[in-house]
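In structure tokens, one chain follows: the form predicted alone.
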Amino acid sequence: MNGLEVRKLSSKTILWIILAAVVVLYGFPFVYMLLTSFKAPIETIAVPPRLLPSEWTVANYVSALSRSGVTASFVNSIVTATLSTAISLTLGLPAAYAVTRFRTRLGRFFIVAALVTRMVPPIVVGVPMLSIFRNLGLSDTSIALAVAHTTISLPLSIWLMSSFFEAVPSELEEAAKIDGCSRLGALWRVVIPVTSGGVAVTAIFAFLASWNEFLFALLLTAVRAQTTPVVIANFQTQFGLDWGSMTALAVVYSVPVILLTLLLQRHIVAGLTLGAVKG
């Protein structure tokens, strides 16, 4: 038993070391960006680069947040991401439910087609969208950008929710129908509450897909609906890129997503571990 316990302890130690290494690799770019945001302008372009600033300063944050259009871009990003997430869930939940419950050949083809659309380069549909929205009078609007972002998040939403709906036994819906629920009522009152963790996971992925998107925002917006990623990319001076202000605004832009993830952490864990239903 002692030898078995030692082997288990060694396995756990190795797993923790691997996990720590992965966290460091993924987290280091953000940590370096955070540290750069507190550096003086001359230190941000120093060669060789320094990890820690020699003198900590918040001047980059003051400079970034005081620039014209930054506040409006934050509002545009929130509005666009919220609209895109709402559209993705509104269309994706019924589509995923229909595919998983009816199990037709057309449904299987549909879900594969949804995955294939994720392989299409965004620039292929971005240019035609620009012409379409211009003809519809929706050029440089958050609505047009949200619709464009939905083309990215909707296929992912359908695939995610399909896997979550698959884990819900059909017996629960049959019991709801016996109690007088219609199929739509069973979906709304039984299936969605049971898969609330999966819905939260899907909503976060859809929100992030819109929140971080750059190409469509660059093509379809000019001034009124411009989002923060485009504003960050425009931090150009006559001497080059303003790395201090860019990193400062990027850090501030990351805060809402971090807070949202922490707020919905319980639902995310429940969604990712969804595989059985207790009844």
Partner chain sequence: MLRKKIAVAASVATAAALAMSGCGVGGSTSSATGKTITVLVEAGGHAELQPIADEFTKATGTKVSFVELPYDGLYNRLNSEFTSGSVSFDVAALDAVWLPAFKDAVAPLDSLFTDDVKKDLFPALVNEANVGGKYIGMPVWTNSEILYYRKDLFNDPANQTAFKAKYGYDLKPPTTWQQYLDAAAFFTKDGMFGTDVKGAVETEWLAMLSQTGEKTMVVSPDGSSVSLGNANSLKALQFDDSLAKYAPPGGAQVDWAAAQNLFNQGKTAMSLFWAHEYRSIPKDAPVNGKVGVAEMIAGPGGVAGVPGAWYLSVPKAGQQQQAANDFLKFAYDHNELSAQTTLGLVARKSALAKYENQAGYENYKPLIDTLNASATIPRPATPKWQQIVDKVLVPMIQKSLQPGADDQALLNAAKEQVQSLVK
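Residue numbers count along the first chain shown, from 1. The structure displayed is predicted, hence computed values, not measured ones.
Note that the form predicted together with its partner chain isn't included here; everything after this is about it.
- In the model of the complex, at least one heavy atom of residue 142 sits within 4.5 Å of a heavy atom of its partner chain.
- The closest heavy atom approach of residue 257 to its partner chain in the model of the complex falls outside 4.5 Å.
- Put simply, residue 177 is far from its partner chain in the model of the complex: not one heavy atom of it is within 4.5 Å.
- Interface membership of residue 134, defined by any non-hydrogen atom within 4.5 Å of its partner chain in the model of the complex, is confirmed.
- Listed residues 36, 228, 221, 60 were compared with its partner chain in the model of the complex; 221 is the one with a heavy atom within 4.5 Å.
- Contact with its partner chain in the model of the complex, defined as a heavy atom within 4.5 Å, holds for exactly one of 172, 86, 114, 181, namely 86.
- Looking at 154-162, 114-122, 189-197, 92-100, the stretch with residues near its partner chain in the model of the complex, meaning non-hydrogen atoms within 4.5 angstroms, turns out to be 189-197.
- Taking a 4.5 Å heavy atom cutoff to its partner chain in the model of the complex, the contacting residues in 56-81 are 67, 72, 75, 76, 79.
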